[in-house]
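This document starts with one chain, in the form predicted alone, laid out as structure tokens.
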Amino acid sequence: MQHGYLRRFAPIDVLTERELSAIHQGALEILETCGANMRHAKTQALLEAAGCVVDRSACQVRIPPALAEDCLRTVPSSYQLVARDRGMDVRIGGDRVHFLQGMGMRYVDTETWELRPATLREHAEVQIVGDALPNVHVMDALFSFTDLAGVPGIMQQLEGLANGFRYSTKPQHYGYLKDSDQFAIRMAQGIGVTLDAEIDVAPPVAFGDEALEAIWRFATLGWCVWASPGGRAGATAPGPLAAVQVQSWAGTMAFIVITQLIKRGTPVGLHPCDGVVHTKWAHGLPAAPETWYTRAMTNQLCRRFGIPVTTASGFCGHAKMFDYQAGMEKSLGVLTSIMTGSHLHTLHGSFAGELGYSNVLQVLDEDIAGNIGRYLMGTAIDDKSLAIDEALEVGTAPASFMGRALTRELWAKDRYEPLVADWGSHVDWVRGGKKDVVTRAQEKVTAILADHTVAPLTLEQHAVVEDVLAEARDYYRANGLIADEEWAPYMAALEAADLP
């Protein structure tokens, strides 16, 4: 089991109990009065049988407050992800903090900072490096590069997940896209692992048919599903931050009602994608302090009701290079969320508003995760660590403790050592050629790819992956979602990747 980091101190509250109640009651009023928008007949019937008022002509389902609050009480406060290597299993929730591989669209050249589609081989290398980094606890193979050269759009998530299984033994995350989740589930079952699924709640409070089909598939299995509401203040949500929170919480509760009516006790996590937009250009600002604050409010609400939280705070800012701005946006975003109680943190490798992904940045982000993790661990407070007898023995005159037995015993036990950050002296830096941290990270990536070995799939697991991929390809060709002109480049991309 990967235990991550234990948060040794109580999370910070950003709202009073009265303010929390006001948000919760406002969300209940929205669900009772306006309801959730959905046209999915099977889900409408399920909710109607539970006492909801269904207006089929308007595709609106009004949810009674008592039902919403009853379903909230049945959501587990934690859930477990089963990995290919059971020693890599992860339990999300409680006072534990873990990190999730980030997501991005395209590969970046760190010489020119130009973005381009990634090859399947480059995608595989991201999985190998993530597998080697101790603070990447959960992999996100379907989203680390979502623009794969030669791969039809409909197959990119499944090809990414297959690469994740081939090149990492850690748990994997998934999503949904035109029934691709049914193939992902079969692949996972054949390998003997579980997935959790990130499923959108369209703002204000709406559920598409594809999303609901995916919820049914995962909830029926009892696998965790993440509610992912995405309202942006002034655009797809009202302008005030509190109103964004009311809308997102209404969508989350509607999501929870659906899952719990399908199968009581289904784990549900919250992965909020809400926040604010640029006041001039109206694009999303994931690294704005206002967005971080909306996530802090979410964290406190979830703590109140025992809902595990996966946060995107800090995973990706607005910086276009791996510079001071990138480090500031990532570290402050993650830390503000962890301090207010979130559990799983998307971080490693993403930048430029999710347009880019980099193995070099994945290694740089390892130091952010490691530093924050060390901070969370705190320190022991006991007779030995207080060292009062030691202080009394040495006295208060100028002295050194470096030669003392207690110091020698404990000197390095609670010290964090960065992976690539340079904590040496300026003199040593000059003597070493004045390497910047990006160069050091590039060298680390090269070393990992040369030295790290991932336990391969068994022959049976390999066969399952290939059989499911072949069936998915045939399914989407037959349904016209893989065009004839896409097929030859697709096969060429698979051959060029030289995958096992």
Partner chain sequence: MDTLAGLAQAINDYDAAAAERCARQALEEGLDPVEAFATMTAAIKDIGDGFEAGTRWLPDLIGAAAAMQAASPVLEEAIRISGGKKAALGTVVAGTVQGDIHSIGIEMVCTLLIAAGFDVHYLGIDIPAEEFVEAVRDNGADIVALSALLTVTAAEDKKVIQLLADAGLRAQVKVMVGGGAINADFAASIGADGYEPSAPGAVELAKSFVGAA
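Positions refer to the first chain, counted from 1. For the two forms, the rigid core is made up of the largest set of C-alpha atoms that agree within 1.5 Å on superposition. Computed from a predicted model, the values in this text were never measured in an experiment.
Below, we refer to the form predicted in complex with the partner chain, which is not included among the displayed structures.
Contact between Arg431 and the partner chain in the predicted complex is found at the 4.5 Å heavy atom cutoff. By the criterion of a heavy atom within 4.5 Å, Ser78 is excluded from the residues contacting the partner chain in the predicted complex. The closest non-hydrogen atom of Glu417 lies within 4.5 Å of the partner chain in the predicted complex. Residue contact with the partner chain in the predicted complex: Ala412 places a heavy atom within 4.5 Å of it. This chain lacks the partner; the member of Gly424, Pro398, Gly239, Gly87 within 4.5 angstroms of the partner chain in the predicted complex by a non-hydrogen atom is Pro398. For the candidate set Lys263, Arg186, His278, Arg408, a heavy atom within 4.5 Å of the partner chain in the predicted complex is found for exactly one residue, namely Arg408.
Across the options 245-253, 399-407, 326-334, 110-118, residues that bring heavy atoms within 4.5 Å of the partner chain in the predicted complex belong to 399-407. Shown without its partner, the chain has no residue in segment 446-479 with a non-hydrogen atom within 4.5 angstroms of the partner chain in the predicted complex. Here Glu390 counts as shifted, since its C-alpha moves by at least 2 Å between the shown form and the other one after the core is aligned.
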